[in-house]
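First, one chain by itself in structure tokens, the form predicted alone.
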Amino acid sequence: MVEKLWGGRFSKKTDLSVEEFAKSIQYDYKLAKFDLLGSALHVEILKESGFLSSFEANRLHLGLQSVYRQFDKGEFRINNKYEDIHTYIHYQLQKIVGDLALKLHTARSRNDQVVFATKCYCKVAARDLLRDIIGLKKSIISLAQRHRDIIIPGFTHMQHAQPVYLKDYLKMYVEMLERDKSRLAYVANNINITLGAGALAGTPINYAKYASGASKILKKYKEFSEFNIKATINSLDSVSDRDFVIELLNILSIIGIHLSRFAEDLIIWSTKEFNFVDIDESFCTGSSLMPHKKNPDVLELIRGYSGRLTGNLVSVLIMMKGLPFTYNRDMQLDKEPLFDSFEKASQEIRVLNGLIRTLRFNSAQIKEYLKDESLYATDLVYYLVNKGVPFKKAHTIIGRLVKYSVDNSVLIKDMPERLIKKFSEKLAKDEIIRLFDPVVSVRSKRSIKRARV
């Protein structure tokens, strides 16, 4: 391991096993551009506070911009011999500006560097994921529009319940995604990016310099121009807070569960037993043994990754639950779950988006399922209610009628009028047969204020 940002107090080298165990550069390199932004802000703040001359500040800015351009062009090569990305950037800068780089760490700690960069990452990752969610919503709405007239059997407890519009089923997931989007936007907007915490106790720099110095630099880094960076209100909280990570991981796990439920329905519907949907071959895989197989592996992986997203949330919750104030090295372990959850959620949404655009529904097979008379049992109850029969009594009458149909393997529509009348004199065969119609059933539901699809 190369020279560290610390070590004056130590007379022994760090054991190699400790260096390998403790380093984080293999994953926190993802914070590179955010650490470079923080360094540029800090240079300006140091200049305004008198710790750097204009000449020194200008040299440091040019050096940081040089490193940033390397990163932006994909020429930034990570060296795993370094402890973390913050140390690596420091020594990359030192190669360009020499020992002037040593002044950059004035009134600064990796404790506040880490939380600054992590908050910036979260802001950008949330922004990108919001775009993915919006794209998926649009694809689902488009699918609903193309199949606006299809009616499907609705299920509760995986049993036939009542007919529903396919568009309503699809809009159910639009509603879920809208909640996900609102939660994600709310939490991302409320992440306060601060400077000036130091290690935990603050710095000698006046708090007003942090806001004024930051505003000047953000204009030059247009990718981050929407960031609102302020001086810390409570430096202890700034370095010890990971609530924002936990909140985001919670949202990402909920997104994973929503996508998993959608995937599960499509997996079931794509089976020969259902045959409601046909998943395009470009989103399926085959079997190395069975030549006939067309497996919905993409959907199964979406379903499986929901466990990983939830696990990432739990790992950080447990890591944080007993930490004393303020910063502890345990908190390094929030990065991998955070990065992984954002990346996996984004991958899932994008691949599902593509799958949905090519999805086809088997309307003929769906119509066969809609012939099941039990789907209209509730409509028969309302039919009797409208004839003055109390709901509970009507429910019992139709329940007995359905049981007789099942036990005797005879359709209600094939029963003679006299037999139907035995269940209730108010039942008329020709009238109830007209109710065995999915269109009549869905149109009778007036409590739903449907948006135009």
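Don't overthink the numbering: it's just position in the shown sequence, from 1. In this text the structure is predicted, and so the values were computed from the model without any measurement.
As for the form predicted together with a small molecule, it is not shown, yet the points below apply to it.
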The small molecule in the predicted bound form: contacting segment from 284-292, 134-142, 189-197, 103-111, heavy atom within 4.5 Å: 103-111
The small molecule: the contacting residue among Lys222, Arg329, Lys321, Lys272 in the predicted bound form [heavy atom, 4.5 Å]: Arg329
Sole residue of Lys335, Arg183, His147, His160 within 4.5 Å of the small molecule in the predicted bound form, by heavy atom: Lys335
Residue contact check: His90 to the small molecule in the predicted bound form, 4.5 Å heavy atom: no
Heavy atom of Glu348 within 4.5 Å of the small molecule in the predicted bound form: no
In the predicted bound form, Lys167 touching the small molecule (heavy atom, 4.5 Å): no
The small molecule contact in the predicted bound form: Ser24, any heavy atom under 4.5 Å: yes
